[in-house]
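Let's start with one chain on its own, the form predicted on its own, as structure tokens.
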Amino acid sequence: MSETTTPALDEKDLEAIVGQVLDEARRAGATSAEAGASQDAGLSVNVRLGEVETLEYHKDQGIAVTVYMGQRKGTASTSDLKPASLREAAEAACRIARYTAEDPCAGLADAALMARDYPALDLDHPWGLTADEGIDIARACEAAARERDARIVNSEGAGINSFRGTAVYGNTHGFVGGYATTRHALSCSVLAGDDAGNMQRDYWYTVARHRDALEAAEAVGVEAADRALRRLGGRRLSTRRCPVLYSPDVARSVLGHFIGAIRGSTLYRKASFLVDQLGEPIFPEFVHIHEQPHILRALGSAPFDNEGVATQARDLVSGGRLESYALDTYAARKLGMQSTGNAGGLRNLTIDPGPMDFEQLLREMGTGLLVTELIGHGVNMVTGDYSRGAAGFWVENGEIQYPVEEITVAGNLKDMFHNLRAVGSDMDLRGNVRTGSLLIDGLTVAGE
């Protein structure tokens, strides 16, 4: 949708649109309703081998309305925000609700949980990036990677994007709230090759709310090149049991499995290995995992969840014990509990760092596997069985010896959590899960 056909809407405009569709839902017979409206715009540029591959502007808008007739639920959406379309969407949702089965857990979040007074989190930092500026930055990033070493033989390109969006949520409790966010990112991916014909690919990226917090384009390119070069000469390993050190960018996935196991929809379906584990020790006593939704400028910050429930800092794991699940309203009612403000997910999940940096963790491990890439999705959330393809480096006496590839790392997540030996101080803050390297004992590495 072009700039000329879609007028820019601010938070007040979207609040008015949400109010209109809620009024239409009431008129159509809804006993309660909720709606979320948004408009976002951005620029994305990708170059490869110095040439522009894609240049894309986008601008999207829309509203979704959910109505409840007693405990019957219906949902409809539209990208047309004109009054007639809002009325049609509300009426369509009501028609759907009349034909759905009653669900005793359906309905709005409790009115007492609404975010009536919430903080400003400094999430809106528009860039104003032009196409020419984006092309120049992406080219500089890729050029730095290609010029790093003669063994950088090809490129998958460099890309930059800048995004700004405004979203408003409201419901018939009288709650309405919204805010704008920005997200800017730069990435580069290159291939390294050696005289034996071996090829390795790797990448690097930087992402932030504010452009000034991005790494320099040249630094991103150099890091992408260095990571690809380090992987040349990869070997297979024989099958063995050993400690595994997950670098921060892949350690995030281990905590992602923890998030999946404490998510309400997984729990009420009895599809998690952490069902009925509240209060139980699932990590060593030193582990503290918590949600920090109000960190200024952080990528996961939000003042309220997707149902208007106030977000708050809280412990998920304290002293190694599981203290809380991650629940939206529906899951909470299914479990006989209260929403934890996690409709739409957890926000800035953080595992507290330990005193050791990356080099110290290598020495602490002594001999074992450093994992820098994971492949596939071999995780059974019911049993906790874990098996992922991996690549990385073999470590002996605390020193990296050589790259390894075409291996599998396997274990059980329950055991992996219990056998977490250390969390590094090398925190990766480039996402919604904030973690350092994770050193885990007793995993099986399958190779030749």
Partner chain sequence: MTQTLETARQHLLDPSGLTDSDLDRVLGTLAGPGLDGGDLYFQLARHESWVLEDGIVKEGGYNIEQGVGVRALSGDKTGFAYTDEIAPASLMEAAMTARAIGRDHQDGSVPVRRAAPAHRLYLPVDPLGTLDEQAKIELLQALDAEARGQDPRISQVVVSLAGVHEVVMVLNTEGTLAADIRPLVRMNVHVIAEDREGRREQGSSGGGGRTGYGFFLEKERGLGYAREAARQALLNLDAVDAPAGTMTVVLGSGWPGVLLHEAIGHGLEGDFNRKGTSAFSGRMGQRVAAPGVTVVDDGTLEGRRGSLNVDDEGTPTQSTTLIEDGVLKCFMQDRLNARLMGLAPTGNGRRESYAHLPMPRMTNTYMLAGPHDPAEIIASVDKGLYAVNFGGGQVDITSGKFVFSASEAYLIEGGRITRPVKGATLIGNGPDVLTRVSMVGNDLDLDTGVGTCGKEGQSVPVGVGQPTLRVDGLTVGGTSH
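These numbers come from a predicted model, not from an experiment. Numbering follows the first chain given and starts at 1.
We do not show the form predicted together with the partner chain, though everything after this point is about it.
> Residues in which of 327-335, 285-293, 307-315, 343-351 have heavy atoms within 4.5 Å of the partner chain in the predicted complex?
Residues of 327-335 come within 4.5 Å of the partner.
> Which residue, 253, 181, 154, 172, has a heavy atom that falls within 4.5 Å of the partner chain in the predicted complex?
Spelling it out, the residue with a heavy atom inside the cut-off is 154.
> Which of these residues, 29, 389, 398, 403, gets a heavy atom within 4.5 Å of the partner chain in the predicted complex?
Checking each option against the partner chain in the predicted complex, the one that comes within 4.5 Å is 389.
> Would residue 59 show up as a contact with the partner chain in the predicted complex if we use heavy atoms at 4.5 Å?
So residue 59 counts as contacting the partner chain.
> Heavy atoms within 4.5 Å of the partner chain in the predicted complex: does residue 100 have any?
Because a heavy atom of residue 100 falls inside 4.5 Å of the partner chain in the predicted complex, the answer is yes.
> Please run the contact check for residue 149 against the partner chain in the predicted complex: heavy atoms, 4.5 angstroms, yes or no?
No - in the predicted complex, heavy atoms of residue 149 and the partner chain never come within 4.5 Å of each other.
> May I ask you to check whether residue 408 falls inside a 4.5 Å heavy atom distance of the partner chain in the predicted complex?
Yes, residue 408 sits close enough to the partner chain in the predicted complex that at least one of its heavy atoms falls within 4.5 Å.
> Within 4.5 Å of the partner chain in the predicted complex, which residues of 410-448 have a heavy atom? Give them in sequence order, or say none.
Contacting residues: 410, 411, 444, 446, 447, 448.
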